[in-house]
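Take a look at this single chain, the form predicted on its own, given in structure tokens.
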């Protein structure tokens, strides 16, 4: 090997130092990776194993049972409710996040405090508060009756409507926060540059601001939709047993029937659907933009 093609001593030393640094970082990350494997991956593997076992034999019976109309109806309800809540959160969260992002720093901090305040309140407390507001003799029906807008109480709870209202209230901060983080990072000079090039405010917003905010919107949609797929407490309380989601099917199989195989199959399919949704949105928007906000 000639001197022209042999690596320089400094280059070899830098490569060795890089390998040592990689090994050091890997050793430091090993406990965390092991913890993730034990806490997250091991239970998922255990659920998958239970879903293909019946007694001492391997079987796909638990997955075949999911084709029953009752499971398909609850799956349809789960997706309809998740899509509706996600759409409402987008319609409410995008203007709210834009307002906070455009406000002064002190005002934005106060507005974010109001957005985060429900997150700091117990989930059960929020659900029971909505029961007090929405029930037949609740505050909303009482006020509407007193001012003469309705003659009979509206059915606002123990149905699809009440469940949607409660889930939107709980999920809205998860839409606003990633949107706000992305919008806050958008330089205002871009909009000024679009205006200097002849764009109207609406055109600058549509053609410049909205595309730049897409990573935050995609992240919010993924978070809200996937969390909605596995919601249990709010549909159970505000749905009154009339809104059956797959998470409630899982609970019934475990609690009432002690059928861990069927419950595991439901959980595995729900996880697969969540991963498929994340992959699909990532393919459209780009994983690096969603995770890095670029």
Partner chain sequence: MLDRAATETQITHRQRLWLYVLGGAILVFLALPSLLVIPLSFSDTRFLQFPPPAYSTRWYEAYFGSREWRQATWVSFAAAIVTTGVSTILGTLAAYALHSMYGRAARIIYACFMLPLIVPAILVAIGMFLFYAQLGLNNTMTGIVLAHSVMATPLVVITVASGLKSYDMNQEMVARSLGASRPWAFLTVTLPQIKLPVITAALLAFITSLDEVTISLFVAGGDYATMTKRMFNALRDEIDPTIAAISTLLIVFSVALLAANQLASAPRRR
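The term rigid core refers to the most C-alpha atoms you can superpose between the two forms while keeping them within 1.5 Å. If you're wondering where the values come from, they're calculated on a predicted model, not measured in any experiment. Residue numbers count along the first chain shown, from 1.
FYI, the form predicted in complex with the partner chain isn't displayed, but the following is about it.
**Q** Answer with one of 210, 181, 83, 191: the residue that has a non-hydrogen atom within 4.5 Å of the partner chain in the model of the complex.
**A** It is 191.
**Q** Given that the partner is absent here, does residue 239 sit within 4.5 Å of the partner chain in the model of the complex, heavy atoms only?
**A** Heavy-atom contact with the partner chain at 4.5 Å: absent for residue 239.
**Q** Please determine whether residue 63 contacts the partner chain in the model of the complex, using a 4.5 Å cut-off between heavy atoms.
**A** Heavy-atom contact with the partner chain at 4.5 Å: absent for residue 63.
**Q** Spell out, yes or no, whether the shortest heavy atom distance between residue 155 and the partner chain in the model of the complex is within 4.5 Å.
**A** So residue 155 does not count as contacting the partner chain.
**Q** If we define contact as a non-hydrogen atom of the residue within 4.5 angstroms of the partner, is residue 263 a contact of the partner chain in the model of the complex?
**A** Although the partner chain is absent here, residue 263 would touch it in the model of the complex, with heavy atoms inside 4.5 Å.
**Q** Exactly one stretch in 147-155, 117-125, 70-78, 211-219 has heavy atoms within 4.5 Å of the partner chain in the model of the complex; which is it?
**A** Partner-contacting stretch among the options: 117-125.
**Q** Mind listing which residues of 237-265 have a heavy atom within 4.5 Å of the partner chain in the model of the complex?
**A** Going through 237-265 in order - heavy atoms within 4.5 Å of the partner chain in the model of the complex - the hits are 237, 247, 250, 251, 254, 260, 263.
**Q** Superpose on the rigid core, then tell me if the C-alpha of residue 241 is displaced by 2 angstroms or more between this form and the one not shown.
**A** Shift at residue 241: below 2 Å after core fit.
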